[in-house]
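One chain comes next, on its own, written as structure tokens: the form predicted alone.
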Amino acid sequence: MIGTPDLEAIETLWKQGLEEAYTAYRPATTGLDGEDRHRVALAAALIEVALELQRLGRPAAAAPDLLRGDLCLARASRLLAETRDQRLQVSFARAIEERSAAAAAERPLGPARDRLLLAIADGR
């Protein structure tokens, strides 16, 4: 597991998909400096897990999952803010906004990972 306070209170999510997502996003962050690579890959993974926990477009999630999802989104937001890259922050916000709007309109949702990889590419 990543030795970081960014996983405090959500450590169990690491082995439940967060680690796999983080590993999948790392190659997309090539070109960013070392710490920003970590921040952006972890932010994307946290968002992906949060959207799954919150069950967008499906029956409502249980309260603890909603809260864990909110915590993941808040941490991802902070990690992206720490990059000081406004384009990247806006790109991620749009990705979340698009998925939320599609769920609210009961439109089909594509894979979150595809959209978040695009957010990383568009934000650089």
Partner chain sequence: MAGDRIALQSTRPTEFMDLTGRLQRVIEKAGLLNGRVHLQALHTTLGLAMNENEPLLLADLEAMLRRLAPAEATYLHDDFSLRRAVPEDEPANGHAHARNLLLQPSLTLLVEDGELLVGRWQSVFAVELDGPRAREVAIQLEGEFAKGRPDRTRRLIELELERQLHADPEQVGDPMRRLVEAGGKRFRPFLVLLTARLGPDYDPLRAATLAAAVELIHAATLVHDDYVDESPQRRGRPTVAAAEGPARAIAVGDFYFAKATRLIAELGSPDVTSTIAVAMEAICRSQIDDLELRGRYPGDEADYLRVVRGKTAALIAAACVAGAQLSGASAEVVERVRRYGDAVGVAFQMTDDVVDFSDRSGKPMGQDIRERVLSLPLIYASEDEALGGEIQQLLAGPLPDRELRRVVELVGRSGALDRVNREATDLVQAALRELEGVDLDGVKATLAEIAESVVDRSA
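Remember, it's a predicted structure, so these values are computed and weren't measured experimentally. Residue numbers count along the first chain shown, from 1.
From this point on, the text means the form predicted in complex with the partner chain, which you will not see here.
A residue is said to contact a partner when one of its heavy atoms sits within 4.5 Å of a partner heavy atom; residue 90 meets this definition for the partner chain in the predicted bound form. Heavy atoms of residue 32 never reach within 4.5 Å of the partner chain in the predicted bound form, leaving it off the interface. Shown alone here, residue 75 lies within 4.5 Å of the partner chain in the predicted bound form, counting heavy atoms only. Contact annotation for residue 56: at least one heavy atom lies within 4.5 Å of the partner chain in the predicted bound form. Of the residues in 91-105, those that come within 4.5 Å of the partner chain in the predicted bound form through at least one heavy atom are, in sequence order, 93, 94, 96, 97, 100, 101, 103, 104, 105.
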